[in-house]
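This document starts with two versions of one protein chain, written out as structure tokens and named structure 1 and structure 2.
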Structure 1
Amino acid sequence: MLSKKQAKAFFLGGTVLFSAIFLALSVETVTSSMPEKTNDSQITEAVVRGKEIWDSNNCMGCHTILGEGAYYAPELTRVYSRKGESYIKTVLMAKEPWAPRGRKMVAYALSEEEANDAVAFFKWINEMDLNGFPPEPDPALSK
């Protein structure tokens, strides 16, 4: 029968072993694979300013990006290719709440420069290799 000492060894040994594996994989991910898959070298100053706009307005509090967020407003990972630059800028620069089908967005009334930065951010996100996400709908089902 398992003793308390053995149970403790299982807990401590397992924790150390799996933490070590996790850390090793994390190092590989952030130093090698992820920069390549996310086109890290193409992060310009405009992209960084765009991310600051994204974060400081808590856009993730309604939208999702890379599938993460609040499920209240559309997924924006591929919004650049789906809606295009001018549509995105119109929404972000609107002085009245944008309300497609009645669901209101905060009117951020961004300046032209800020909207350009946000677009640069979405354009960079748009090019990421996300292992197939978001999935393409099945055309046969919509018939």
Structure 2
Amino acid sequence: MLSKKQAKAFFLGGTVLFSAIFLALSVETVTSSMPEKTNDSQITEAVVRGKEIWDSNNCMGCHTILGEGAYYAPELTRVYSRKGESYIKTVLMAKEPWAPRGRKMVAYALSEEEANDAVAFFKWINEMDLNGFPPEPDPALSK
């Protein structure tokens, strides 16, 4: 059992140690190649509008992107490379709701310009270097 003095030293030592680790990792993140990996230089007005469409329609209420969101509907981090521009636009511009695999997708009936902005957002996300995230599914598990 620790005395009060030992417990206080243990607490303060742990606090200082882990604060230093946190600061070192924060500095490393900011000064490393993080800006290049997120390709922030490629953010256009269309990408910003696409992100606003994502937020205003609460897409994260059903979908996951970059590991954040709900798990009801498919993960969309790499949807641009998996499905392509025309598929994404078709889904977003659909006038009728549809239910792939029993899960109902809302019919947003976006205009062509709004769909193009959403595609630009998905393309920008797709081009990020995410160190292998999301992982490719194991074909052996899908049997």
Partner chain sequence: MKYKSQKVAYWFFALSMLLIVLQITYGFIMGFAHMGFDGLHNIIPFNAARATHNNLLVVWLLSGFMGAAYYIIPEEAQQELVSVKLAYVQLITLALVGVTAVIGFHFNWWEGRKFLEIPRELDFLVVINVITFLGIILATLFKGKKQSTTAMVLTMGLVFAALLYLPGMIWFDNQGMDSFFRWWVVHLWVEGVWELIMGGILAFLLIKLTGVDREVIEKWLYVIVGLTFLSGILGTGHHYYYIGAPEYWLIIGGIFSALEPLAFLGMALFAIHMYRKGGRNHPNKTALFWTLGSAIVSFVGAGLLGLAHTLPQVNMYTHGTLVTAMHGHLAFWGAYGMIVFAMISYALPQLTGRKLYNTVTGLYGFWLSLIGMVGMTTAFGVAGVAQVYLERRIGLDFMVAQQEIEVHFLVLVLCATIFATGITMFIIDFVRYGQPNDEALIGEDEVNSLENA
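Take the two forms, find the largest set of C-alpha atoms that superpose within 1.5 Å, and that set is the rigid core. Numbers follow structure 1, counted from its first residue as 1. On a predicted model such as this, the values are computed, not experimentally measured, just so you know.
Asker: Choose the one of the two that is the form predicted on its own.
Answerer: Looking at both copies of the chain, structure 2 is the one that matches the description.
Asker: After a core superposition, would you say residue 126 shifts its C-alpha by at least 2 Å between structures 1 and 2?
Answerer: No, residue 126 moves less than 2 Å.
Asker: Rigid core superposed, residue 12 Cα shift between structures 1 and 2 in Å?
Answerer: Spelling it out: core superposed, C-alpha of residue 12 shifted, distance 6.9 Å.
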